[in-house]
Structure formats: structure tokens, C-alpha cells
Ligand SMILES: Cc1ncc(COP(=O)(O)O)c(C=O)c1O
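In the block that follows, a single chain appears as C-alpha cells, in the form predicted alone.
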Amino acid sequence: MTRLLPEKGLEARKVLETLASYASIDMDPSSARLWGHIYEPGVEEVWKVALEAYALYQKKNMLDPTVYPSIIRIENELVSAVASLMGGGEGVVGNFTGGGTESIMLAVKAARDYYWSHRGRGTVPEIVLPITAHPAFHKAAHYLGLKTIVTPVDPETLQADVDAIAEKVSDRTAMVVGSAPNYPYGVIDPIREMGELAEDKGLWLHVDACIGFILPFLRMLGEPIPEYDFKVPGVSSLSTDLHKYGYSPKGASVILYRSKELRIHQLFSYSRWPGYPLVNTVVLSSRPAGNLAAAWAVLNYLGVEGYRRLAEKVLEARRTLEEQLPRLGFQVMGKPQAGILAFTSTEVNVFKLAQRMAEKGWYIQVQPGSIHLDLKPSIHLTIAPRHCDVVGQMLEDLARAKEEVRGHPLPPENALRFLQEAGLASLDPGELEKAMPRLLERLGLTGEALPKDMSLINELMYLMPPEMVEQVLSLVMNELYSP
């Protein structure tokens, strides 16, 4: 249905009432019932400080620092504070970005251009990364014309396999990637060993610490956090998000480099046109200064003591989960080291489990895995400070949900039955592609919203070839965002 702009503007009250009615179908991000995407500190004053700081700078544009010189000061102070937490000494530089994906995109661009400056442009540069690395690296490679080489992880620890990485690096390697921690399991890759490999081979090592801003504060609490930052000599760049465990509003990340000589390859300048000379430190030209001011305000409002206190709450909730989940018959995957934990089950269908928990008012994130990549289906939990207050209630509901879904077939039995009923005898890509419109319609994926029960869809993603899953996801998004 096409929606037209009103001929006459609506009253402010009506506008806000309409938005509130739209939002009524959403979960409350402050409720502590979401175990993914939300990093709720449980300190209302944090949001008040952020909002007021945003308002002070909401009209200001970060495009041209000569117009608003205070923006340079705020960004430099923020980057310096973050760099000091990430082991950065004299010489480490960086910039504020709109999120982890932009930070990663910039690091890949810098590594590519650094590679070209030393090797010439006659080769397609490669990124060597473990299967647990964030898809943003593949997205950056897709946008910037690099090739990704994926390596396995240790099946027990779920950490990057350094020997497997060493086998894949070559004179075409522009970047090697490690995570601190990785998103699927909350496990820190062996960055010290990866740094030694990078130094030995002369490689650019990027550490994705987008969900790792909590790590220095966990270390202050006595947690055995391994070296993962600029204290490791081989690390060239590192990204960390402030809108995650920095508790800033969404749209706040930092990309750091060991030196200006490396960061120079991130920048873009252009003066061969009639307009103003353009120089950008990041991807966007115009960008809101409000997010920067809000992030700076939250960092300074909480300080080391505040962040350490919030990290203690996350740690308490994580330890409760690590202790209680096995008692409920679940298997915690790897050894979580930060604020993320994943678990799986050999007894119940985890997709049905997640659906039943949604019916009880909880959001727990499904990781479909892949039968083709030998990746188990699992449940991902991002732990926020607020969860310390509700973890007991969540575990009680999880125990009930487990009993309620006991008896449902384990993956991929339901998916196989669905495909057979749809008249598909195999997972042949050509056959699936022809049947795709019919399958999408039967799954309820052709309307304006996703179906409430995603369990079968998740099971199909586990069963289908990854390239087919990617095609289906693009088709679905193409439909959903069609007004």
C-alpha cells in the first residue's frame, strides 16, 4: 500500500501518537527480556545524559571540522580514552564511526590500500579469517573487491586455528582477522599467537573487539582475559563498539590503528571538482555529531568505576548461566570469556525452544548453524547488566519451555518433511530455485512482516545449502522493504 505525504502537516501530538502506536508491536528494549541486540545498563541516568548531550549537538554536522572545531576535540578525547583501554600507547590513532560494520569496512579499506602501496594493484588481495569472524568482513570484501579465505576453528575451544590460518596466508594476504571475542560463542581468539604469525610474515592483523569493550573491565575484576589488543606487537588495527558494552546510543564505534602511517590509508580526499575540497576520515561525509557527543558523555559519566560495576553484573549473570544451563541438560559451547554465551541441546529442538520462549515474552537469538558446514544449531545470549536481575526468572521459564517442546523432532526432520510435502525430493539448487516462490508463500514470507513462528524457517536454514539461504534471505528482504 502506497503511503503519500500528507498535504497539510500533522500536529506534533498526532505524529507522536502514530509513532507510539507503531511501536506498540515491538518488545520494550528496557525490559531486560531481550537477550540479543540490546545492551541495557539498567541505569536510567545514562540515557538521560546521552539524550541531553545528543540534543546539544543534534544540529551539528561532522562533515567540516572548521565549522565546529569542538567536534575535533570531542572525537580526539573519545578516541584517546578508548585507545588507552585497548592497550594503545603513544602513536595509536583512530576515528569515531557509526558502527562496527563501518569500523571493519574502514580497516579492510586501509589494509587493502596498504597492501597495494607495497605490492601494486596487479593482485586481488585476500583476507584470511576464521569461520567465526563477523560477516561484516565478507561484506567489506564484497564492496571493496577483496577475496575472503575462511579457516576452521578448534572444535572444542571454538577459537581460531592458527595453524590453519598459517597454511592459507600467502603473498596475496592483505589482512588476517581475529575476534575478541567472536560473536557466535563469546570466545577470544588466540591473538598473541596470531600476532606472532603476523609479525613473522609481515601481515596486517585486525582484531574485531566490537563486543569487547567490556574486556578491560572484566580483567580489572580478576577475570583471566588473555592479551588481545595493542599490547600484542603484531596487531595493526582494532575495532570496538561503544553502542554495545559502552552503553552509548546506537551508531557509535571506534576504529584504531597502531600508527598514523597505517591510518592514512583509511582516509579519502578529492579536490578535482568545482566545489569544496572533500576529505573524509570515515565512510560518510555528512554525519550527525549528536551520536559522538552522546558517546563522549556516557564514557565520561560512567568512568572506569561505573564500567567496572556494570561489568560485574554481566559477569554475575554469565556465571549463573554457565552453572545452571548444564543442570538443565544444555551444553554451553566453548568457554565464554566476555558477555556472550551460546548453548545447544541434544535433547530438544532449539528452534522450537526459542519459539516457546518468545511466547513467554523472552527474546533469545537463534543461530541456525549449517548441516553443510558442520555447525550445530544453538541459542545465543548477549548478556547485559540488567539481566543480572532477571536471569533466575529466565532460567525457570527456559526449564518449563524445554519440557513443553520435548518430543518435537530434532532438526532437520521437520524441514525435510516440509520439503517433501512441497513436492521437492532433493536439495538440488536448480530445483529449489524453481520452487522458491511457492516455498516462500507457504512459509508466510511474502507479506509485509515476518511470521511469528520462525522455527521451521530456522530449521530450513540449517538444512539448505548456505548459498541458497543467502539467496532466500535477499529475496525476503527485497519483499519486506517494498512499500
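Sequential numbering from 1, following the sequence displayed. Keep in mind that this is a model prediction, so the values were computed, not measured.
Not pictured, yet referred to below: the form predicted in complex with the named molecule.
- With the partner omitted here, the residue from Tyr183, Trp296, Phe217, Tyr114 that has a non-hydrogen atom within 4.5 angstroms of the named molecule in the predicted complex is Tyr183.
- In summary, among the residues Met394, Leu310, Leu381, Ile211, the only one with a non-hydrogen atom within 4.5 Å of the named molecule in the predicted complex is Ile211.
- Interface membership of Gly100, defined by any non-hydrogen atom within 4.5 Å of the named molecule in the predicted complex, is confirmed.
- Not displayed here, the named molecule is approached by Asp241 to within 4.5 Å at the level of heavy atoms in the predicted complex.
- Using a 4.5 Å cutoff between non-hydrogen atoms, His134 counts as a contact of the named molecule in the predicted complex.
- Remark: Ile104 counts among the residues lining the named molecule in the predicted complex, judged by a heavy atom distance of 4.5 Å or less.
- Here the chain stands by itself, but in the predicted complex one stretch of 402-410, 242-250, 88-96, 70-78, 242-250, has heavy atoms within 4.5 Å of the named molecule.
- In the predicted complex, the named molecule lies beyond 4.5 angstroms of every heavy atom of every residue of 428-449.
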